Structure formats: structure tokens, C-alpha cells
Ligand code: NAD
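Presented below, as C-alpha cells, is a lone chain in the form predicted on its own.
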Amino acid sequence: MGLLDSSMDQTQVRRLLARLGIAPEQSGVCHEEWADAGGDEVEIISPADGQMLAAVRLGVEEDYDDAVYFAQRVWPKWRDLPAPKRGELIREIGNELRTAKDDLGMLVSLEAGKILAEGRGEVQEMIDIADFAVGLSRQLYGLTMHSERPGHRMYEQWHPLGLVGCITAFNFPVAVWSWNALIAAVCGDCVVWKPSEKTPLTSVAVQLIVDRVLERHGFRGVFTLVNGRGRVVGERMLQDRRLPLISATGSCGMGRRAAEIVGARLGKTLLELGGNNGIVVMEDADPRLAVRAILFGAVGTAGQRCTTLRRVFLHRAIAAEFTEYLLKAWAQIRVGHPLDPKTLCGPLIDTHAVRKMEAGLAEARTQGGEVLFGGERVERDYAGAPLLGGCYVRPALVRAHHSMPVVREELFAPVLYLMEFEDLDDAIRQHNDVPQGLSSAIFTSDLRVSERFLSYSGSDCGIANVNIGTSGAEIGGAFGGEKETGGGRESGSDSWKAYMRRQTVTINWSRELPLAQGIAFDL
């Protein structure tokens, strides 16, 4: 199907949903059969134009219990399937996602408001994770250790946890699920998914895709889905002892509650929470690289990424000149409908997010900040066409000081604070002086400066980059942050270990029974 210049009519939306297998009114529950969920029916409104995409009936606790029961039934069979065989099924899921990439990417754009390039990019990330998981299925390695006792062998091995609960946010409605679900699946786990209430359609589309693959092989139920309200389904998941691990992506407040409830039952949490990410621009930085990285980092996904750039620290020697570069770049940002290929900044997720941005900017002014550019609502796009729905804003640049309380908070919108520093020590001190610790970067041509930023006395974030921005992490590296960001790690490296339990094994192949540490305990 070809794209319209900037929108889709209702007939095209219905055709898109039909190609993805979604009926106009679809249940919010995916388990053994598509059933009528017991919760409220909600209309899913596109932030792109304020039009209804479809109606979804939300699940309640009973629906959730049905989904968990269905996953429990299939788990022993899935657990016993050799990991490389599990990987083959994930390969098929990746191929199905390739086929559906354009349609699914368009649905991401319509439902979440991402520009089309980012919507398709998110689906590509799912495909890449599937490929990664296939290789991982043959690399779930343990270690062999030397025993101090003769005739003994020691090693460690990894076993599946069982059922994993996955709670995802609206800003990455499908990719973050894949980081967790596809990795957990090759580890031998089943995954119960509660997506954001704001983006249920994309979750239904993905569930239908994976169901087709699993049904062919008799493993339907490895992935289950319940669309429901956080205070109903989300709370039930956190308290459910049948789920030894909860992976949750969202705000720091949500993460604190998840950690408290899951911790009380001695369960495990994998938390990916708020980010308040910063870039340090040294006086020898390449402005061409730095401006591009700052622009994408601050404006990509309309400032609604956990890795969104929110603070820029400019060396005092270049601060005035660099601010002018940024003002010129911000003046060229094309705000418009997310399906328009020329658009760089689409809408916020809803009008509530717009009001929060306005309140945050008002607070910044009260605390002494100066709005240099943007911050207002946008009713017409870069070409003068009307923008409907009330979710469009002009990305803002704010001159600020790191001591302003508002700078320590994550404002989930395209608002970038500009601050100055004297030297590298001052820059690192300001950079680290926030509760969050997800992603960071420095722009410099000095090897000593970059190495200092990456050292134990440099950035305190889980991600630290040199001469690239804070957004756009590759799947091969472990993704996550420190401090109030939660400490979790997903995606690449050895993040798979979070979805398995470690077992240390000692085998005595001798005819003696020596004790460790030389202890004698003879009769």
C-alpha cells in the first residue's frame, strides 16, 4: 500500500489492521483462544490526527490468570526443547517480522506517533534481536572451575527460570518486548506480556505474528499477551509468585513500586527506568558531529525516549558560538504528521503529555531558566497544513543552570537544557549530579579527555559514548543504567543471564570424600 502525503483515512487504517490480522474490535487478550476480555472497551486514538484507530477490550485479573495458566501448560515442553531448536523457532518469528515490517512499522507510527522511519526502525530492531537470539541459542555458556579437591570436577550451568512477566511502555511499544521475550524464549522461558495501555494495537499485531509461528510447531503459549490497566493487570503481575522475574520499563516511580512489591515476595526485577541523559561538548569538539548527535538525541521520538538527550554541557569558550549552531538547527526542525517522510518531529503521545511539557517549561522559567526557542503548541506543519489532535509541539531549547531542581527531573518531551562548564572536572560533576544514570556522551578530539570520561571517575551512567549521541544503542551491547534508572540490563552481551538461574555443580569421580578447606570430619 502506498503512503499518503501526511495521513490515512479510515478505510486505509482498516485495511492496514486487516493485513495484520486485527479485526476492527479486537480482544485485548491473547492466550489459547481469542476471547472476549472482561474489562472496559477503550478507543485507541492516534496522536497523529486524533482519529480512532480501533477499539480494544481490556483484560482483567481473570483474563490474566487464563494467560498465565496457558503459559504454564506449555512451559515444560518448551523448557525441554533443546536451546538450538528453540532458536530455530525464533528465526521463523524474525522472518515473519521481516514480511510484516512495513505494515507493523506504519502501525507503530500511527499508534505511538513516531515518524515512519523510526516506526520501521523499531521493527527492524525486533528483527535484529531475533537474529541475535538465534545465535545466542548455541552460546548459553557456563564455566568450568578447578576444584581444590582431587578427583573432583566443578562447573556451572544455567537453567530456565520459568515464566517471565514483561511490562513495556508506549514509546517503544514492540522493540522492548522483543529484547526481553526473544532472549528469554531461547533461554527456555515463557513470557507473559502487559504492554502500555496507550499502545495496545501494536502488541496485538505482534502477538498474532508470533502465534502463527508457534501454532505451526505446537508451542502456542510460549508468548502470551494481556492488555489491561496497570492498576489491575500490572499489579496482579507484580504480586504473582508464578512469575519469578518481572522485567518492567517505565518511570522511576513505577520501578520503585515494582521493586517493592516483587522484592517483598523475593522475586527478581529487571528495571529499565527514567533517563536524564547528558552530552559534554569540549572546546575541541567537531561541531558538525556534535550538532547532529544533539539534534537526533533531543528530538528523536519527539523527546520520548529513555535515552533522549535532555542536558547539554558546553565549554564556556565555545558556549555562545555553539548555542547559535543549535538555534539554527532547531529552526529547521520540520514538525508534522509522522507518516510524512519529510517530518523530523511527530506528535507527543497525547494531550496530557503536552500539558506536562508546558508545565515543565513554566517551572523552568520560574527557577531562572530562559527559553531560547520553541516550547509552544504547533497547529500547522512545516508546509502550512493543519495538524489535528492537539499533540504537536515545537522542540524547545532552554538556557539553564544545573542547580535548577527542574533539571534533575525527566521531562518526557523535546526540551533540551543548555548549561556551561569551566573544565572537565566541572562538566563531570554537573553531569553526574542527577538521580538518573542511563546514557551519556562526550564530544572531544583529545584521547586523554575521552578516557577520563570513560574511567571510574567519569560518567556514572550505564552507557557512555565518545563522539556519538545518547540515543540509538546497538543491540549487541547490554542496555541499561544505574542509580534511579534501575540497574537492569537487556538485549546484548550477557544480559541473557537475567532470564536464567545459575547452578554450581561439583562431581566427585574419585573413591574418596575429601572436604573443602581441608576439614577433617572422620568417624
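When you see a residue number, it is the position in the sequence shown, counting from 1. Every value quoted in this text rests on a predicted model; they were computed, and no experiment measured them.
Keep in mind that the form predicted together with this ligand is missing from the display, and what follows is about it.
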property: Option from 82 to 90, 215 to 223, 231 to 239, 153 to 161 whose residues, in the predicted complex, bring a heavy atom within 4.5 Å of this ligand; result: 231 to 239
property: F421: touches this ligand in the predicted complex, heavy atom cutoff 4.5 angstroms; result: no
property: Partner proximity in the predicted complex: C306 to this ligand, non-hydrogen atom cutoff 4.5 Å; result: yes
property: Exercise: A133 in contact with this ligand in the predicted complex, heavy atom 4.5 Å; result: no
property: Contact test in the predicted complex: G275 vs this ligand, heavy atoms, 4.5 Å; result: yes
property: Listed residue (W496, Y64, F479, F70) with a non-hydrogen atom within 4.5 angstroms of this ligand in the predicted complex; result: F479
property: One residue of F412, F453, F322, F313 in contact with this ligand, assessed in the predicted complex (non-hydrogen atom, 4.5 angstroms); result: F412
property: Contacts with this ligand in the predicted complex - residues in 244 to 274 whose heavy atoms fall within 4.5 Å; result: T249, G250, S251, M254, R257, E272, L273, G274
